[in-house]
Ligand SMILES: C[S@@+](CC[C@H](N)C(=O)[O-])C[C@H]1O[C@@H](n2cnc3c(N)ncnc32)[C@H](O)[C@@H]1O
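Here's a solo chain for you in structure tokens, the form predicted alone.
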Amino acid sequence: MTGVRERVRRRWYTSTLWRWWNERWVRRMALKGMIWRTGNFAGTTWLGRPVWQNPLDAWALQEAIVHDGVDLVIECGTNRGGSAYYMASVFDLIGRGRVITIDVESLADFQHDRIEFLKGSSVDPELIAAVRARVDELAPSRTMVLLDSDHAGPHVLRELELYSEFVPIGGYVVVQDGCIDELAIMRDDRPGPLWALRQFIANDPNFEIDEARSGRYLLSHSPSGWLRRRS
């Protein structure tokens, strides 16, 4: 009987119905609870600095940086610089890499040898030209793009169109906070990043959603947020 029960359990946990239930209800309900409990991670810190990141998403970022050999991250949305500092710390540990981080405001109160702070709109042509010139100078072997600035759908779509050029084949654009388009408590901010990435994928055959990475830790703020360049 034990063997039969185990086969039944295995079949259930790999079934389409279970995946739908897990994704549609379990993940969203648990994520909503985490958001309420933590104030949407407003008090989360890394080495004493405010990060404002879902720790599961942050963990997935460091895994990708190390596993994929990433040596440059272009981040749209600096805020107080916590995420950039976190990624720079990872680069310190592995002995390589830089972060270029962009925001319309200068809120970070620190400097780091691996971080370059750029002030301006992430979609401004002059700023894009500056990023392009810096990428040419650095000549990274593997670039990752992280979109975490203005989460309005049209803005994120424009970022995707502009920053996808920096991603090599096999590399990633990570679109954060697509949960805006899923959770009722965030409906006032729709359409958001999830809407944008779906529009982008529909129009650009060079990119695809990496569902394995997007759903690796289930309670991500960024459903379907890992976009992989395939060609």
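All of these numbers come straight from a predicted model, not from anything done at the bench. Don't overthink the numbering: it's just position in the shown sequence, from 1.
As for the form predicted in complex with the ligand, it is not shown, yet the points below apply to it.
Though the partner is left out of this view, residue 116 does not reach within 4.5 Å of the ligand in the predicted complex, counting heavy atoms only. The ligand is not drawn, but in the predicted complex it has no heavy atom within 4.5 Å of residue 140. For residue 46, no non-hydrogen atom is located within 4.5 Å of the ligand in the predicted complex, even though that partner is not displayed.
A residue is said to contact a partner when one of its heavy atoms sits within 4.5 Å of a partner heavy atom; residue 102 meets this definition for the ligand in the predicted complex. With the partner omitted from this view, the residue of 155, 96, 134, 112 that lies near the ligand in the predicted complex is 155 [heavy atom within 4.5 Å]. Contact with the ligand in the predicted complex, judged by any heavy atom within 4.5 Å, is made by just one of 31, 51, 70, 194: 51. Only one segment in the set 51 to 59, 178 to 186, 194 to 202, 164 to 172 has residues whose heavy atoms sit within 4.5 Å of the ligand in the predicted complex; it is 51 to 59.
Scanning 174 to 209 for heavy atoms within 4.5 Å of the ligand in the predicted complex gives no residues at all.
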